[in-house]
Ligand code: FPP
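Coming up is one lone chain in structure tokens, specifically the form predicted alone.
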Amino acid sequence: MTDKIILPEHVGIIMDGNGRWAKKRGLPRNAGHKKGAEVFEKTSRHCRDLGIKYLTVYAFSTENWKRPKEEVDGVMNLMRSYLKSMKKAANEHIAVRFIGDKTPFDDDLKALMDEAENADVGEVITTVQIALNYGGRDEIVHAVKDIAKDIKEGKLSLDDITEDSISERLYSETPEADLIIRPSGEERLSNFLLWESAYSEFVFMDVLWPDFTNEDFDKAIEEYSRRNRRFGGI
């Protein structure tokens, strides 16, 4: 990368384009997801090597259940394989967390997720959040329900409802996203980190996720470094 690089503390990535990548090659959609999973692992390690503290990736949205069962099952099996492989990759200094509603997942997958979250990875350099059965609106509804419950139980009053009190109840426990990257040529958030992206910088890239490289990531960081973040000021 070039000089005067400003590293974001928290990067979000919408991993988009797996299906289109597979279709262009005459392959089943799950082949695109498999290749995309490999790129995710490589990108996670690249973030660690750069010293980025938080990476949040959009792996499976609340809307993705509408896809064909074969594709959904394929994504879940890829997640199982990834979590099992983590046991062989101890002390990589990458902590893994999951955000979203875990309720619908099979018990074995939930157990693997819990095991991954509690794994000893050594000194943590990068925390990777995998958004699974996640939606930005669902996350805000979850927070509002928690607040309503606390008000009903007398733990909070209406005056206690603030931006901070909502932020504290989100799935994510990270700082707000500094940079959100979306490959694939699409230019929308698709219900990803709606609350946490209020002042994010966005970089849209015309490359399908399975073709995304460390060099593409570095270009996004360089573009971020050129931005003047004013947070509503002058």
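None of these values were measured; they are calculated from a predicted model. Position 1 is the first residue in the sequence shown; the rest follow in order.
From this point on, the text means the form predicted together with the ligand, which you will not see here.
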query	finding
Option touching the ligand, based on a heavy atom within 4.5 Å in the predicted complex, out of 203, 31, 37, 50	37
Proximity to the ligand in the predicted complex, single hit among 113, 121, 78, 86 (heavy atom within 4.5 Å)	78
The ligand contact in the predicted complex: residue 59, any heavy atom under 4.5 Å	yes
is_contact(residue 216, the ligand) in the predicted complex, heavy atom dist at most 4.5 Å	no
Contact test in the predicted complex: residue 13 vs the ligand, heavy atoms, 4.5 Å	no
The ligand contact in the predicted complex: residue 138, any heavy atom under 4.5 Å	no
Triplet 64, 67 and 209 all within 4.5 Å of the ligand in the predicted complex via a heavy atom	yes
Members of 12 to 27 lying within 4.5 angstroms of the ligand, judged by heavy atom, in the predicted complex	15, 16, 17, 18, 19, 20
